[in-house]
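Encoded as structure tokens, the following chain is the form predicted on its own, with no partner shown.
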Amino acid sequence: MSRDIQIGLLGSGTVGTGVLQIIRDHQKDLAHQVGSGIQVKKVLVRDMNKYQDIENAGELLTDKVEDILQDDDIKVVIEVMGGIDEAKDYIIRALKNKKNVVTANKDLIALHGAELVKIASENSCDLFYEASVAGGIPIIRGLTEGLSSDRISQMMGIVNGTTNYILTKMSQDGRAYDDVLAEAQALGFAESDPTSDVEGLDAARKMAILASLGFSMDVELEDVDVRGITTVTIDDIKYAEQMGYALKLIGLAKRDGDRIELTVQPMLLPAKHPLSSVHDEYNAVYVYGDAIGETMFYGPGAGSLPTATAVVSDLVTVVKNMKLGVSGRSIVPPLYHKQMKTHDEVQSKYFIRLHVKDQTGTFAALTSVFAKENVSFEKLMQWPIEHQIAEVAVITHTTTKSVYERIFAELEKMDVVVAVKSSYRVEGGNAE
């Protein structure tokens, strides 16, 4: 058996600890797969004093990144420290020093992935990032290897566990957003500053990565239309369920011909859609291919060991490529020029909930706004809620985004409309 492959690990937090554990506990299996042992030679930490109780801490740990980047014996660098600027600098230096890189850094890949891939290719190095999307779910490898012969037309998924946990508990327990968010923070499912998750930014970064790979285009984060869940209410969820739908934060990447659309926003899905049954902190990605049809990838989207499993799986691929002498050759540049759909080309159904005056002529006035734009109703429900005020919920048939925006603006100006309470896109087919 060949001599051990030496690894440098940047970061010793939740995921880094998981990587160390898997490499330590699975030595026999790893050696069987790659033909040699895999050993972590150095781990970069910020505070050496914090880890003095670790066995061989003096030999294993360092607070100097040069001990990893300048060590010729270290052939692979694993970045799990997070952040953007510092991590980017370290990865570039590692690649230019001919070290292969594995990262779990979705923020970095979403913003600078194309640049880093180019540098990796120029230096005949691998750069893998399976763990950057959906934790332990092998969605990136599924797109780049398992479905590489197909043409992907759509990817739709739940790719943020925090928001899915919040919406699940709001639906199941009938509790308000702020209450469930506080619980999620106490349980460790949400950060003390949850902005990236609840405003949809985390999911948008992941969808940018998936779209880049699935569509073979140079997709950027600013291409994603983003809306979070902070304004979702119990009433929205309740009325959606009464109409046969579940409310989820969905990432959608869709291609029609040569044009694409990318969005992350709360959407209504039919209650029997596979994504509607994905609960709590779990993630799932629904992929539509021209040849294979529909497939779904499902599993834990975060956590120390699930994410670390994806990291070590990339590590195994890197080591196999090293043994075969093909490092860096699997990197494929984008094939297609990115063309974004206009609002006239984006098509969907829509849910809208209104408070209206409960008086003669109100319904006729509402329907006239939709009729003027040739938009019909798939479903309509009405409930009296207080004296002379009624609640109306509508699901339209398919229309364009530009047409719906005109309808929405007109409704907000109408005298019979007391308030437009909420509006959401509807995807995934019809409710039963």
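Note that the coordinates shown come from a computational prediction; the quantities given were computed from them, not determined experimentally. Heads up: residue numbers just count along the shown sequence, starting at 1.
Keep in mind the form predicted together with another copy of the chain is missing from the figure; the text below concerns it.
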**Complete:** Checked Gln339, Thr342, Ser277, Gln242 for heavy atoms within 4.5 Å of another copy of the chain in the predicted complex; positive is Ser277
**Item:** One residue of Tyr282, Tyr129, Phe351, Phe189 in contact with another copy of the chain, assessed in the predicted complex (non-hydrogen atom, 4.5 angstroms)
**Value:** Tyr282
**Asked** Could you tell me if Glu66 has a non-hydrogen atom within 4.5 Å of another copy of the chain in the predicted complex?
**Response** no
**Item:** in the predicted complex, Thr362 touching another copy of the chain (heavy atom, 4.5 Å)
**Value:** no
**Phe297, heavy atom within 4.5 angstroms of another copy of the chain in the predicted complex** = yes
**Request:** Determine whether any heavy atom of Asp150 comes within 4.5 Å of a heavy atom of another copy of the chain in the predicted complex, and answer yes or no.
**Result:** yes
**Prompt:** Counting only non-hydrogen atoms, which stretch in 194 to 202, 85 to 93, 308 to 316, 109 to 117 is within 4.5 Å of another copy of the chain in the predicted complex?
**Reply:** 308 to 316
**Request:** Report yes if all three of Glu410, Lys413 and Val417 come within 4.5 Å of another copy of the chain in the predicted complex by some heavy atom, otherwise no.
**Result:** no
**Item:** Stretch 276 to 291: residues contacting another copy of the chain in the predicted complex, 4.5 Å heavy atom cut-off
**Value:** Ser277, Tyr282, Tyr286, Asp290, Ala291
